[in-house]
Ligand code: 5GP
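There is one chain below, alone, in structure tokens, taken in the form predicted alone.
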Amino acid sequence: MDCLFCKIRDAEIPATIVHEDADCLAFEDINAKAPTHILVIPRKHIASTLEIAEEDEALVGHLHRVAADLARERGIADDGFRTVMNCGAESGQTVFHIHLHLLGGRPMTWPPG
């Protein structure tokens, strides 16, 4: 498989890992859009939101819990943060392995770009 995030998961490509557990991995986004920009990915390869199966529901919930814990650790929880999961090329998804963006540390505008 030629998936960038699977290669990061498998330590074939370096990344600044900020969280790791049996189900997921979180690392700094190399193209950060905010002072805090972390990607939280499942270890299981799921290409897009459209491919999340019923048995993946707890896993996707776990990604959100990890993002909330990281927001607390980074000191952005009280002021607010954003979590985003893009689906498809027109939404901005460039790596087809689901990932939750955790963004914070600056005011977020609405609607997003």
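Keep in mind it's a predicted model, so treat the numbers as computed, not measured. Throughout, we count residues from 1 along the sequence that is shown.
One more form of this protein should be noted, the form predicted together with the named molecule, which is absent from this view; the next part is about it.
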Partner contact for L39 in the predicted bound form: the named molecule, 4.5 angstroms, heavy atom = yes
Does L4 reach the named molecule in the predicted bound form if we count a contact as any heavy atom within 4.5 Å?
-> yes
With the cut-off set at 4.5 Å between non-hydrogen atoms, does D69 touch the named molecule in the predicted bound form?
-> no
In the predicted bound form, I30 touching the named molecule (heavy atom, 4.5 Å) = yes
Those residues of 61 to 87 with a non-hydrogen atom no more than 4.5 Å from the named molecule in the predicted bound form are N86
